[in-house]
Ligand code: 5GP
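Below you will find one chain, with nothing else, as structure tokens; this is the form predicted alone, and questions on how it binds or moves follow later.
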């Protein structure tokens, strides 16, 4: 954990947020600046700066992120329609919080990115 990281504060409970999911490895919240009708963030509790810092030992955490995303989208009845999963890596990609997180977007037809 990083003392000055927004997502670490959320993970520890220092900041009270409406968590959609919370377990030993990850938690999920609604994005405060949604880009689609459904825009969730799945965030590891361990402080990993971004995708460049993911190592083999993070495998269980990254896998859990995908499992949680799929379960949440299933519960929202969006799994069959489809959804987008995205990771931003670095400032040029639009990353604003330097802590690995997965964007999960759905609820409408999504156009091309980039």
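Bear in mind the structure is a predicted one, so any value in this text is a computation, not a measurement. Numbering follows the first chain given and starts at 1.
Not on display, but discussed next: the form predicted together with this ligand.
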Worksheet item: Looking in the model of the complex, is this ligand within 4.5 angstroms of a heavy atom from every one of 30, 95 and 101?
Response: yes
Worksheet item: Which of these residues, 84, 81, 52, 35, gets a heavy atom within 4.5 Å of this ligand in the model of the complex?
Response: 35
Practice prompt. Consider the chain as shown here, without its partner, and state which of 58, 64, 39, 47 has a heavy atom within 4.5 Å of this ligand in the model of the complex.
Written response: 39
Practice prompt. Flag residue 11 as yes or no: does it have a non-hydrogen atom within 4.5 angstroms of any non-hydrogen atom of this ligand in the model of the complex?
Written response: no
Worksheet item: How about residue 6: is it within 4.5 Å of this ligand in the model of the complex, going by heavy atoms?
Response: yes
